[in-house]
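The chain below stands alone and is given as structure tokens, in the form predicted on its own.
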């Protein structure tokens, strides 16, 4: 049984009537007896809620920041009119702050033997799987004083995918890729390290590209054309350990690393390279292997969606061993991790030579823009001390990057808004130099 606010209001008015006009037990019995009769009348005529048939339909995935609709179909099998208030409960992060009450509550009236559909509009603010909780239905009587209340569990899960905000950088990097591949309208010769074809010499061509044997056979000067390397293996490794949990702005470092990984993966797939993903801390958290270019983005976002940072120190030897097992032949290994001095010096540096001897290694790290802001602070004693601490932190990251570079590793340290395009540019530079 559930009582409404109307019942409480009438009870308060009845108390005033008893106190002012009908003091005594006779007045209490008269006033409260009428109210009790109204409550029992509503309970008798309210449609039962346990017998309701509820089903869900709608979308099962949405990109973070977008809206999605989930529909509830409620069937009333009873022979009484259903006047109901319904609450469709989801985790708080399924809505923008302050909109949960309006989005999750519905009013509906269903005649006997009929059905109605209501729509819950979700606007998730975090990645991951959002699972529906209970559906609570309160069936009211005709007077609106009381009713029956019950809950139903109708399972449904909406997977919230990474937003891929760095998608805006893709057209410019694809244009650069076409320029490298010689497919641009500009008068720029495509560069690369793989032989593509022979063509007639044109004044202005680099004379070092002349193929003298082909020239002798054809009787005219022929030059070689080149294209960037293709069908190379790119292994993107996400470190999901403790350092990836540090918040930069409103999101953990892992989210910025994912965004950079998505841009790199789409760019590399468009360039004809094979892209795999590995998420690791002390064990494999996610893995994507062997997907074609047309479905690599879908596979990656689905694998990344449920990933969360683990508050444990990453196992660097285990990570390197897993990478060597996944990539037995020469590959570009892109490790998205932190540049904190202790984890790098004690964990990664001792085993890094095993990786760099066989593969081209690129390490990318998300820097905190707040450090730069603090380093520029002046004017007060506290600001000066904060600036000194920030400068020390920046110098430690710089020294760590330099130690990694001595092992032949390319290091990128950029702010969340810059890490994705910086990583894409580094990939294009390696491709142009024939180092993949």
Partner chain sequence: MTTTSPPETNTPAEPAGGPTPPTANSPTARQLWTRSRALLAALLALLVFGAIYAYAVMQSDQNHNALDPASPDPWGSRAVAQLLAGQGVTTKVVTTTDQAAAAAGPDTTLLVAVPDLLTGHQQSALHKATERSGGRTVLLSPTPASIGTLAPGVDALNTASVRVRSPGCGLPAARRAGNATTGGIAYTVSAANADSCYLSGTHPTLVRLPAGNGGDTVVLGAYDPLQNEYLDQQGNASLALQLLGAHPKLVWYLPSLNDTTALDGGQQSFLDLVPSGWDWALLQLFVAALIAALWRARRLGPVVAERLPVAVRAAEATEGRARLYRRARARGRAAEALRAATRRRLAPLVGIPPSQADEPDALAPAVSALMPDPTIDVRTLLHGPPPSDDAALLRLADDLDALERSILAKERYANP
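Nothing here was measured: the structure is a model prediction, and the numbers come from that model. Positions refer to the first chain, counted from 1. For clarity, a rigid core is taken as the largest C-alpha set superposing within 1.5 Å between two forms.
Same protein, other form: the form predicted in complex with its partner chain, not shown, and the subject of what follows.
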| property | result |
| --- | --- |
| Non-hydrogen atom contact residue 111 with its partner chain in the predicted bound form at 4.5 angstroms | no |
| is_contact(residue 394, its partner chain) in the predicted bound form, heavy atom dist at most 4.5 Å | yes |
| Residue contact check: residue 92 to its partner chain in the predicted bound form, 4.5 Å heavy atom | yes |
| Exercise: residue 69 in contact with its partner chain in the predicted bound form, heavy atom 4.5 Å | no |
| Three-residue site 11, 50 and 149 fully in contact with its partner chain in the predicted bound form at 4.5 Å by heavy atom | yes |
| Partner-contacting position among 54, 40, 401, 62 - heavy atom within 4.5 Å of its partner chain in the predicted bound form | 54 |
| Interface residue in the predicted bound form among 168, 199, 153, 329, criterion: non-hydrogen atom within 4.5 angstroms of its partner chain | 153 |
| In the predicted bound form, segment of 170-178, 349-357, 295-303, 258-266 with a heavy atom within 4.5 Å of its partner chain | 295-303 |
| Residues of 1-28 having any heavy atom within 4.5 Å of its partner chain in the predicted bound form, listed in sequence order | 1, 2, 3, 4, 5, 7, 8, 11, 12, 14, 15, 16, 18, 19, 20, 23, 24, 25, 28 |
| Core superposition between this form and the one not shown, C-alpha change of residue 426 at least 2 Å | no |
| Displaced residue check between this form and the one not shown: residue 417, CA, 2 Å or over, core reference | no |
